[in-house]
Structure formats: C-alpha cells, structure tokens
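There is one chain below, alone, in structure tokens, taken in the form predicted on its own.
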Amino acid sequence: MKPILLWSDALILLLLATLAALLWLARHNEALRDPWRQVMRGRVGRVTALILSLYISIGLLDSAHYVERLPAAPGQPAQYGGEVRSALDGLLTPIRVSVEKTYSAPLAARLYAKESVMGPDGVERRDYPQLKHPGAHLFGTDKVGQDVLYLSLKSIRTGLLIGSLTTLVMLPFALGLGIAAGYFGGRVDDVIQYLYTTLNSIPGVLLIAAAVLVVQVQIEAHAELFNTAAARSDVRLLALCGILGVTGWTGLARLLRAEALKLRELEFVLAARAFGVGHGRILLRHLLPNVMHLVLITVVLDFSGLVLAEAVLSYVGVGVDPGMISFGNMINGARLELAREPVVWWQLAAAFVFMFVLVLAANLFADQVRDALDPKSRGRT
C-alpha cells in the first residue's frame, strides 16, 4: 500500500501536535493541571471523556489514508489503484464487503422487499429473498446494500472535521474582534458592530450556499489538480469549513464584546492602565483569561450546532460532496425511505443515534470543564 496525505489529514496532524503541546503545558503547570483533575474526578467527566475519546479514535483511524497496490507482472513498475481507503476501512473490511442487493432490516436474514423467487418446486412466486450475509448487519443495509453501521462509523470523521476545523477558523475572528470592540469602544466598536450586524443581515443559508456553489464551480473547472475523487471531496469539505467559520463568528463576538465592556471597568484593569501597562498585555493577561469559560461553552455549543448544520446543508444539497459519507448524506438518503411502505427507518435512526451521542457527550463534558475553569462557579473548590 502507498500512504496518501489529504489536506484535511495534514490539518488533523497539526491539530494533534498543538493538542500535545497544550497537554504538556498543562501537565507542568499546576494552575492548569488542577481544573482537569477536577473534571476527571467526576463520573460525568470520565464517562463523557471516554465517549469523546472513542469518537476521536475512530476519526483518527479514518484519517490514515492509503491506496492499494495493484497486481503487476515481475519487473513491471508498481501501480496503485484509484480508490483511497483508510485504516478504518481495513478494520471494518468484514462489514464493508458484506454488501447486499438492497434494503435489509437490522439483524435480518432476508431482504426487506419482495421479489420474484423461484421455489424448490420450480414455481415462481413473490417472496423475501435470502440475504448473502444473514444476521450480519447490526443496523441493516441501505438502498444499495451497504452496511449502515459502516456508514455511521465513516460519518464520524466528517462530523468531527466540520465541528473542529470550523471552530478553529471562527475563533480568531470572534476573539479578536469581540474583545477589541468591548475594550476599545468608540469608533473601533462602531466599525466591528457594523461588520457583524451587516453579516447577520444576510440569510446564512443563502450566503453559505452561494459560497459553496462558487467553490464547486472552481473545483470542476480545475479538475486536473485532483488525482482522486477523495482529494476533490476533501477540498470541498475544507472549503465548507472555511465558509462556515467566516460566517459563524458573529454570535460569539457579540457575547465577548458585552463581557469585555464589563471587564474593562473593573479595578484590576483600571489599575493596569493607570500603571501604564500596554493594551496588548491587558488584553492577553487580564481580559482573555476571564472570558475563556464563556468561549469554551459557546464553542462547544457551536460545535454541536455545526455537526447538525452539516446534516441540514447536505439535505438541501450544499453540504459536503455527495460521494463523501456523512451524517447529512445519510439523512438525505433516508428522506425518501420514510415515504415507503413499509417504512425504512433504520438509516435515519442510526444517523440520529450517533449524532445524538456525540453532541450530548460534548455538551456534558464542556459543562464539567466550564465549572472547573470558572472561578465564580459553585463547582470550583
């Protein structure tokens, strides 16, 4: 096999390196180490951390991409296939290759729809055909016979990328502009307020849809730059993260502006200004640490909203690439299934369960971290 590094894989590696540096810093800093110890002491913190670690591990396995080497005659140069797979695909090979003809219910032994079947007596009749892999599909199969559990696990990486990368794009705008507006006031505040008020006046879905369609046209016009379908889908995913980040920072910026307006009038900030401390040092040393608990809980709520937003955008056709496996594409594929008789419910149910567990665990874990970091919280000892 030959390793393949997509742009999103490189960003994930950079994010992991940053996270490792922060963990090292927290381990050698008593002020940072104590709050995290408090989080892990509670049962809710431990359980939610375990769930999030499991999701992240699945996402990381799905980010180790490669292409398989094709059989070649002796002496011939090595050639590789065009299908990009991941380490998760390798681990899930049994359910990935267990493809049926069409729908089958969870743990079923027969297809969900009747077909013309030749009986042992040579008479053709309408019946439910036997599955190739009876009882092997925990969550059933979709319209083309793919295992729904496999699709759900593959969708985790897309959801995590949408939530985390979009948040990283959004944070610099929200932190920089929100705190600056509240601290400096005057014309700086007026300009920043005008900027995010104007941005909020544009319907979000229309703005995102227009930007995504522009990016899609550019990708199709320069198809020679992408040697695989996975690379093309990856660029569209990163573009969607950037668009959501640039358009989604206004809510947090407005909250931070209000908090900065309050903090700049407190005694420790006034004393720092009276002693001639520079604005940059006041912003970094006094204001930023005192708004981090608000940033944390808002970012996690935005993360949850972004995971759900991907599902909505894919449903209306302006989300990730249709060929990329995601919760949104699963829900979009299940749209017409709900109108069938009998109803095919398990694909929608699987996407809902996996998204619900991820969002709930992230919100509960953020509550525990917020209580540990916020000095005014009752959970702080």
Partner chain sequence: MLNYLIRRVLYAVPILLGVNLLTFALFFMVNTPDDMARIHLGAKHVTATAIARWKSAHGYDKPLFINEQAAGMGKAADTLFVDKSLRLFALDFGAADDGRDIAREIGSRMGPSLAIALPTFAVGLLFYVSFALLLVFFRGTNLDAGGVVLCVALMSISGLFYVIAGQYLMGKLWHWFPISGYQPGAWQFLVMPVLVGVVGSIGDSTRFYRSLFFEEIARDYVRTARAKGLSELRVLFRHVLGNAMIPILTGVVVVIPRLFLGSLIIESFFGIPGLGSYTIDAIQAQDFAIVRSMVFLGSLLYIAGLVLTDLSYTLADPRVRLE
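In this text, the rigid core denotes the largest set of C-alpha atoms whose superposition between the two forms falls within 1.5 Å. Residue numbers count along the first chain shown, from 1. Predicted model, so just to flag it, every value in this text is computed and none were measured.
Omitted from view is the form predicted together with the partner chain, to which the following refers.
K.L.:
Quick one: find which of 196 to 204, 267 to 275, 145 to 153, 167 to 175 has residues within 4.5 Å of the partner chain in the predicted bound form by heavy atom distance.
P.N.:
That would be stretch 196 to 204.
K.L.:
Answer yes or no: in the predicted bound form, does the partner chain come within 4.5 Å of a heavy atom in every one of A17, L52 and Y55?
P.N.:
No, the candidate spot makes no contact with the partner chain.
K.L.:
Is V235 close enough to touch the partner chain in the predicted bound form, meaning at least one heavy atom pair within 4.5 Å?
P.N.:
Contact with the partner chain, no.
K.L.:
Considering non-hydrogen atoms and a 4.5 Å limit, does the partner chain approach M40 in the predicted bound form?
P.N.:
M40: no contact with the partner chain in the predicted bound form.
K.L.:
In the predicted bound form, does W36 come within 4.5 Å of the partner chain, counting heavy atoms only?
P.N.:
Taking the distances in the predicted bound form, the answer for W36 is no, it never comes within 4.5 Å of the partner chain.
K.L.:
Consider L70 of the chain shown here, and say whether it contacts the partner chain in the predicted bound form, taking contact as heavy atoms within 4.5 Å.
P.N.:
L70 lies outside the contact set for the partner chain.
K.L.:
Here the chain is shown alone; which of L138, L308, A229, V188 has a heavy atom within 4.5 Å of the partner chain in the predicted bound form?
P.N.:
Looking at L138, L308, A229, V188 one by one, just L308 meets the 4.5 Å heavy-atom criterion.
K.L.:
Heavy atom within 4.5 Å of the partner chain in the predicted bound form: which of M118, L225, A78, V217 fits that? Just give me the one.
P.N.:
Checked against the cut-off, the match is V217.
K.L.:
Out of 341 to 360, which residues reach within 4.5 Å of the partner chain in the predicted bound form, heavy atoms considered?
P.N.:
Contacting residues: E341, V343, L348, F352, M355, F356, V359, L360.
K.L.:
After superposing the rigid core, is the C-alpha displacement of I297 2 Å or more between this form and the one not shown?
P.N.:
It does, since the I297 C-alpha is displaced 2 Å or more between this form and the one not shown after the core fit.
K.L.:
Please determine whether the C-alpha atom of T250 is displaced by 2 Å or more between this form and the one not shown following superposition on the rigid core.
P.N.:
After core superposition, the C-alpha of T250 moves 2 Å or more between this form and the one not shown.
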